[in-house]
Every structure is written in structure tokens, then in C-alpha cells.
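The chain below stands alone and is given as C-alpha cells, in the form predicted on its own.
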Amino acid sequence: MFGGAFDPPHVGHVALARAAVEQLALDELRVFPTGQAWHKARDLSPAADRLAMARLAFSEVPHTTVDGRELQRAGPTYTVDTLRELQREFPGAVLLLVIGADQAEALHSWRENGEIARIATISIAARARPVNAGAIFDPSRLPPGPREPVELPPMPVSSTEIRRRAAAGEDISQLVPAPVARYIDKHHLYPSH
């Protein structure tokens, strides 16, 4: 399971998906654009746009499926609920939760984080952090449970920066997959305010 707002999905997300599939020898990686993210202060782009961009972004990653179920849920979306659904759908399967170090830093605040760690092996991929990002990630704050690291080259790219650049009319072609850049342009996502 690899979830996120994907607003928009960028080259770092795709690299993480590809690395997870290859390094963890996954039979399948399910990508979940989040529905109503409980932890996001800003409104997300429409669900249909984020789902379409995710499908475009991850279409070339082998063994990867974009799953839109979280977008169908009413109310806040929680990872633990999706993991429970996957557990019921695939009894006996080994479930992994693939997250970046930035998400891992906040995992202690996620709903039922101990249950998340019980259901799934947590697979953390480190990536380059912005210069002003604050303290280094402390893995002791994670709930106890199995871990599987994913090695990822430094990629200092963020969806926030991509939205800012798109709103300013700046080039984003090196930051998102080409089909995603075309989608953003065609649908006039991230206009300046």
C-alpha cells in the first residue's frame, strides 16, 4: 500500500513506487489517492483529477495498480481502514505500508498507529529533505513492528513546490511525469489566486 494526496503525483512518488516494487519484490503495489485527508489543512484538488493524474503517473510502474476506494469514502480517510479492507480481501497476504520518511515522522499521530504496525510491515523510504525541514527523523517514535527499508536517491521535489510553480506559470516538466504535466495544463489545475 502506497497512499498520498498525489496533488500532483511527482517524479519522487514514481521513483518510490518503482524502488518499492523492485527492492521489496512486491507481487503488487496498490497506490491509494487519499480521500478527505484528516491531516491536510488545505483543500485538495478534485478527487477525479487526482485519480486521473495518479493513473497517468504510475501507469509505467510494473506490478502497480491505482485503487480509488479511498476517494469513495465519506468523511476523513484513515490508512488503518484501508489496511483492514486489504487484510479481509487478501487473507494470508503479507501487507506492507510504503511511506516516505516525511510521512514516517508523523506516523505516531495517525489514527490507530499501533494497529497499522500490527497489520502491515512499515517500509520507509528516505528522501532528501528541504534545508528548513527541522529535526532529523527519529525512528524510535514509530510504533513497534517489522520494518523494510527502501533505498531511494535524493529527490528534493514536493507537490507543494509543483503547485506553486504551476500557479506561477513556471516549468514543471522535470518534476512530474510528462502525462501528468499535460493533464495539469489541459485541465488548468493549480491556477494563481
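Residue numbers here begin at 1 and follow the sequence given. Worth saying up front: this structure is predicted, and the values here are computed from it rather than measured.
Beyond the structure shown, there is the form predicted together with a small molecule, which is absent from this document and is the topic of what follows.
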Given that the partner is absent here, state which listed stretch (73-81, 100-108, 86-94, 114-122) has heavy atoms within 4.5 Å of the small molecule in the model of the complex.
100-108
Does Leu189 reach the small molecule in the model of the complex, with heavy atoms at most 4.5 Å apart?
no
Is there a heavy atom of Arg163 no more than 4.5 Å from a heavy atom of the small molecule in the model of the complex?
yes
Do Ala47 and the small molecule come within 4.5 Å of each other in the model of the complex, heavy atoms counted?
no
With a cut-off of 4.5 Å between heavy atoms, is Leu16 one of the residues that contacts the small molecule in the model of the complex?
yes
Quick one: from Arg42, His63, Arg147, Arg69, grab the residue that has a heavy atom within 4.5 Å of the small molecule in the model of the complex.
Arg42
